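Form predicted on its own, single chain, as structure tokens, below.
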């Protein structure tokens, strides 16, 4: 089963964490029917300085002709604002990656790193944010003038329907009991359209409980009772904000993965952290967000649920032995980026051999 994976290592710590992701994929290839071919597709700030383009056409062609994209982090200091990051929007829009899947799970091994008291953690935190990824205010419709600026928050019915349907199907597939919709329907016309579609579609899923909640209230309840959420569906900007908030609850932004997905088509997988140029080259970045993004790739693009689950098991096994500095525990070994990647890969290898 040959798969072509395009690789964008990006800027800052991007190359360091992506290298650990490639290592994990090689372990999978050694112990499964997969054969992976890796093709470099540079994007981001460094390539912009060389070529004047944050996503050169050659790179985009490589991505479009691959089976999946493993993406690092992009952005370097001193560039015009948003120049490097525009590559991500071009890929999302150009490939119509309308689903942004962001799982937020607090592993038992990391309960010591959660900033919440046990009474707020409750039975645990295991939330999947399903974020609309191509519409809303990030559609980048607007203008910037000296005295004013405008961005248009645009929703379409088809855009709302397809992401909400995916969320319902995801909850059903994963045995969730409830789907939560986050909006601002008391103020925004766009959210009123969203909410009406959410409830109209709910009748097709009578076994699932549904609730909707305003974005400001949700930000509070995500801290007060995160254990009460399973599948959370929301629009682009709200999803960007609340999934980052949720990521802090699981120990570090470095733990959080994501998939930019169009089912059946080329999809992009990346950690949600930034390029962190202040720690680049120091070997201290947490690669787990990237490794869990590989898990999403294996499951969502390649349909191998069992292998994905073994990646997650290998991560949790490793967290009981050692940590990178962002999730440090003085009772455990402090590992470098490379050491963390090695240990998880070794544990995955052992699991796949069984």
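Residue numbers count along the first chain shown, from 1. Remember, it's a predicted structure, so these values are computed and weren't measured experimentally.
Absent from the display: the form predicted in complex with 3-isopropylmalic acid. The rest refers to it.
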| query | finding |
| --- | --- |
| 4.5 Å heavy atom contact, residue 154 to 3-isopropylmalic acid in the model of the complex | no |
| Close approach of residue 85 to 3-isopropylmalic acid in the model of the complex, 4.5 Å, heavy atom | yes |
| Partner proximity in the model of the complex: residue 92 to 3-isopropylmalic acid, non-hydrogen atom cutoff 4.5 Å | yes |
| Residue contact check: residue 240 to 3-isopropylmalic acid in the model of the complex, 4.5 Å heavy atom | yes |
| The single option of 98, 138, 107, 168 touching 3-isopropylmalic acid in the model of the complex, heavy atom within 4.5 Å | 138 |
| Non-hydrogen atom within 4.5 angstroms of 3-isopropylmalic acid in the model of the complex for each of 295, 310 and 347 | no |
| Partner-facing stretch of 277 to 285, 201 to 209, 130 to 138, 221 to 229, counted where any non-hydrogen atom is within 4.5 angstroms of 3-isopropylmalic acid in the model of the complex | 130 to 138 |
| Sequence-ordered residues of 254 to 285 touching 3-isopropylmalic acid in the model of the complex, heavy atom within 4.5 Å | 270 |
